[in-house]
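Shown here is one chain on its own, the form predicted alone, set out as structure tokens.
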Amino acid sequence: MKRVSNRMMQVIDHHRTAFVGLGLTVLVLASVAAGLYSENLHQRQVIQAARVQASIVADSLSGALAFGDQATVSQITTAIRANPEIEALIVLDDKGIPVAHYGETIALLNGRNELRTSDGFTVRVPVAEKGVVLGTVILKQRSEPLELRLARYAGAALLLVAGLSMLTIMAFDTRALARGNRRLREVMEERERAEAALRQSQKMEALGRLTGGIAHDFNNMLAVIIGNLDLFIRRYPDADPKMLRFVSGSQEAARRAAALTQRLLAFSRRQPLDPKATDIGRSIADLSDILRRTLGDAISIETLRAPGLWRANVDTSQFETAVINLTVNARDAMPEGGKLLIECANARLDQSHAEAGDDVTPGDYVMVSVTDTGTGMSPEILSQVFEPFFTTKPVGLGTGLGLSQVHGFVKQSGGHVSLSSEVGRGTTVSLYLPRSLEVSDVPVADRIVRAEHGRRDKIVLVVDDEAGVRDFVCEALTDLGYDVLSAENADQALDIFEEGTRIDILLTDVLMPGRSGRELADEALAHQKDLHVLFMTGYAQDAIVHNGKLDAGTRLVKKPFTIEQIGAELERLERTGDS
């Protein structure tokens, strides 16, 4: 055996140059093949991303096309311009006639409406409502810059360099081959992880820009709809019951539309968060009645709280929404009933967890796990559950945004999500929320405040460039007992301050033509130091929100809102300012 081994080593030494040359040839071919495969995979991913974007646009346009609302179609189409990934867009009605477009000109080729393009990717997605095709969205993804395309091949070049190094070592020392193979595998795995993280980041950025582009205008429209319906019910409670039923149905549909926009912002990590030191155990306890009503009598619920539980640095209301989403998913996984267990405990994730996890930072966390005894999920489904619009529920029973919203919220909060499941045994979702070292100064009972609607002797200045929103808010505050002044922009509002008018509360939109709401507030506070400021917005990524979190000391109410919600926010503002 030893002689055979030595003979093999002699053959290798004799033909070392030939082996190295053959190895180099194979390596070059493999690198080219890897580059071609990477390019093909990237193109498929770009097309898929374009389809997702086109589908979101189609869902946003379905209502407007169904009612022939040309103005809304144009507004939504114009809002898409904010997404730099989309170069051109055409919206066709059910007869194939263009009703809105921007970007590249429209060419009629062989009787079909197409985008005249030289590169990039173009996709067509039907706009449908309950199986009825209302039109078509044709979207062109912007072509990739040359520098990014070249950068994508850097991995293959790195693989080639690494392989050459390994072959050189092999030519001089065969025993180094095993070490070289291990190193090569590590490089490839690291490259795959980096590419996966890059793809996820690009997808999040694309969806975030698209969502942010339409969220502001869409939520402004919903604020007018929900607000005026709310005013109608408050002012005409004795109206025809059938009319009130119609109004209530419209309110519910508008709220669902607002919730969909909020879920998209949550998934793409673009929602404004207001993190505070939160007693997670108490929050779960406060939700117990809601959770029991959500789960029904067929499902038993048990909560376990570890002693000495730390406080978490999270947005309390968004955390409670995430828990409710998880319990709804658990309920749907247990159609015949079962058991739900919610556990809260302290957790310390070390470096080994960080290396094994997806973008996990070592440190102290508060762990909240939700375990059900439902049907469970296969590994194939488990790998897709955090993808937007992915759902295993029948059509009409789920948007596919529940878990993706939870994932986006936890990641935006600086936390981590882990999920384990076994078919026929159940599922466990664990949220790791960053520990807070601060002491909470906001009692839990103060999160919901019921305003006493009487004469308040308070003057509120309402500033919003949208006339419909401004009119609704003024009417709502009048009903709540406030004296109201209004302005359509920052300059008009500052004129009121400069006239010496005493203002108790400034209620301003964030994004307005000219000076923003933040700039208005800063100048108004220079005129009146004791002024209370409350911002309202449908989307405010950069003006008062940085790194996904509200600026310190900033109070915000999100559009759309009801009269009760705006009243509660003003009540909180007054109580905080007077304390």
Partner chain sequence: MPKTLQNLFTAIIALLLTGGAAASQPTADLETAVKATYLYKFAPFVTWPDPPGDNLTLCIVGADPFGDVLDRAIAGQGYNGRPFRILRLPVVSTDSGCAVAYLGGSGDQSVASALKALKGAPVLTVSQNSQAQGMIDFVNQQGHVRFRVDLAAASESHLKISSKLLAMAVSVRDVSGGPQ
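Positions refer to the first chain, counted from 1. Keep in mind that what you see is a predicted model, and the values were worked out from it rather than measured.
Although it is not shown, the form predicted together with its partner chain is what the next lines describe.
Student: Partner absent here, but in the predicted complex, which of 516 to 524, 40 to 48, 65 to 73, 530 to 538 has residues with a heavy atom within 4.5 Å of its partner chain?
Tutor: Correct option: 65 to 73.
Student: Sort through 94, 483, 471, 320 and report the residue having a heavy atom within 4.5 Å of its partner chain in the predicted complex.
Tutor: Spelling it out, the residue with a heavy atom inside the cut-off is 94.
Student: Considering its partner chain in the predicted complex, which of 196, 306, 132, 259 comes within 4.5 Å of it through any heavy atom?
Tutor: Among 196, 306, 132, 259, a heavy atom within 4.5 Å of its partner chain in the predicted complex occurs only for 132.
Student: Might residue 98 be said to contact its partner chain in the predicted complex, defining contact as any heavy atom within 4.5 Å?
Tutor: Close contact exists here: in the predicted complex, residue 98 approaches its partner chain to within 4.5 Å, heavy atoms only.
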